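Shown below, as structure tokens, is a lone chain in the form predicted alone; questions about how it binds or moves come after it.
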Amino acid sequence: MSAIHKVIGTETEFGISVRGAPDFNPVLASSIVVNSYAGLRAKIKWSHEEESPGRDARGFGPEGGLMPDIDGGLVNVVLGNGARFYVDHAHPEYSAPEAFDPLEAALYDKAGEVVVTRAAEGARTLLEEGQSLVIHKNNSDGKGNSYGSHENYLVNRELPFGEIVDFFTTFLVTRQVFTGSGKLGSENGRQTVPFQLTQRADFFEEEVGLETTLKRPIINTRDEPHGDPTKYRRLHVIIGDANMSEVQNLIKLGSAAIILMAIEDGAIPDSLRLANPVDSTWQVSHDLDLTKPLELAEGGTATALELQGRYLEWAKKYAENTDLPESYSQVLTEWEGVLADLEADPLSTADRLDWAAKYRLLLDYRERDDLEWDAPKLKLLALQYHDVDPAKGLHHKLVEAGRIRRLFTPAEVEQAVNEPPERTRAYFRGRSVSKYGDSLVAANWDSLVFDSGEDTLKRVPMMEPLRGTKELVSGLLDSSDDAASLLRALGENDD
């Protein structure tokens, strides 16, 4: 067995409220937002026929598992950049297109913020006077509810799932030092703290499991590959915060991808198993000094920073002996820099980590206005950090002031809003939306369904995430004036 290329995707459920109408139905509000997006899109049915969210990677069948959320597909659009934008329960969700590498994945995640912001702007005309939409890229409403920011990584099916549990769990628990977006207080019955690193840690209750909304596990076992099931897994990572910072997203996605490749290649020599991974999860998040020792299953202790240092060294050694995409050099540089700065002075990372930027901001206001940690003003400021509206969001203000680093220019983000990635199947999906949107009737991640005017609908399978690229299909798309001619060309050209 050897490592396979890590195609990466993110999914973000955005918090939503209607100011001036506290009882406004969030499902309705989310539906209005999705339907109001004026960018390039195709409003089509999301096909659940080939999806299996109840299948468990531990070998359990779909019987008794979760059924697809059919209601969530009633308000669904596929965008010209290859993404899916829809209503998931009571939230607008942006599922980014499949990205070739972590830098591209971070870019298309940022594009999602722009998509949601513009959709909200379009929806404002449908609200009554005195009402306004507020959308946050965060993970908790402060009332005991947490919503997800998920990551997806393509993994070799030959890798035993037990090895993912053994070698990846401690990495996920300890990476919170650079993945958190910061949170005032604690929830879910956890120990009381004024501020913590992450918004999600308090809600994790199991080490391994299938659920994503109740009894959340550190390692999610959903076995829904969105590709050839004989070759691939899609590792669905639910323990992570929604990040505004572009640099932070790069480190989060890139470090996980390289560690997974190293696991596939047998290049992680020690599982570093924690004695109690669930308790360690919230303990790491509550440790603002980053000095709390965690008990290891084999005896002894180590801090989250020390354990991350071990992973970094293994990743660097692995990269030296492996031909990786260029962006992984940037990942390793940023990862090493952030760990060194966290050890020297955690707040020195406020230029690239959301939790540190937010913490520094709240400390400044506490000192200036003599505020307690539970002051309503601090709660408002903490929430406003995540407002996706550039005119109101405090993250955006810090970026404008040069206090938070960027990776992408506005022009690069704008291009990602409108155009698909060129090196994955998302290219075929996005270009099909832009050119044949009126003929698309259904979609999922691994197929498109066309109505070409014939008696039956035509499904185009897309089981290989690294096919359907610009290099492979741009000629066919450019030369096919309509869906019927595209389908004929695809039938003649099995590529």
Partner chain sequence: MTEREQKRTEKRETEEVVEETQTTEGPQDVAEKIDDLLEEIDSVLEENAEEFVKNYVQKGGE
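This structure is a prediction, so every number in the text was calculated from the model and none was measured. Positions refer to the first chain, counted from 1.
Keep in mind that the form predicted together with its partner chain is not shown, yet the notes after this line are about it.
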property: Its partner chain contact in the predicted complex: E336, any heavy atom under 4.5 Å; result: yes
property: S255: touches its partner chain in the predicted complex, heavy atom cutoff 4.5 angstroms; result: no
property: I16 within 4.5 Å of its partner chain in the predicted complex, heavy atoms; result: yes
property: Distance check, E298 to its partner chain in the predicted complex, heavy atom within 4.5 Å; result: no
property: Contact at P22, D141 and E320 by its partner chain in the predicted complex, all three, heavy atom at most 4.5 Å; result: yes
property: Segment that reaches its partner chain in the predicted complex - one of 379 to 387, 163 to 171, 103 to 111, 406 to 414, heavy atoms within 4.5 Å; result: 379 to 387
property: Partner-contacting position among R310, R118, R157, H150 - heavy atom within 4.5 Å of its partner chain in the predicted complex; result: H150
property: Option touching its partner chain, based on a heavy atom within 4.5 Å in the predicted complex, out of V177, L210, L398, L274; result: L398
property: Interface residues of 88 to 118 toward its partner chain, as seen in the predicted complex [heavy atoms, 4.5 Å]; result: D88, H89, A90, H91
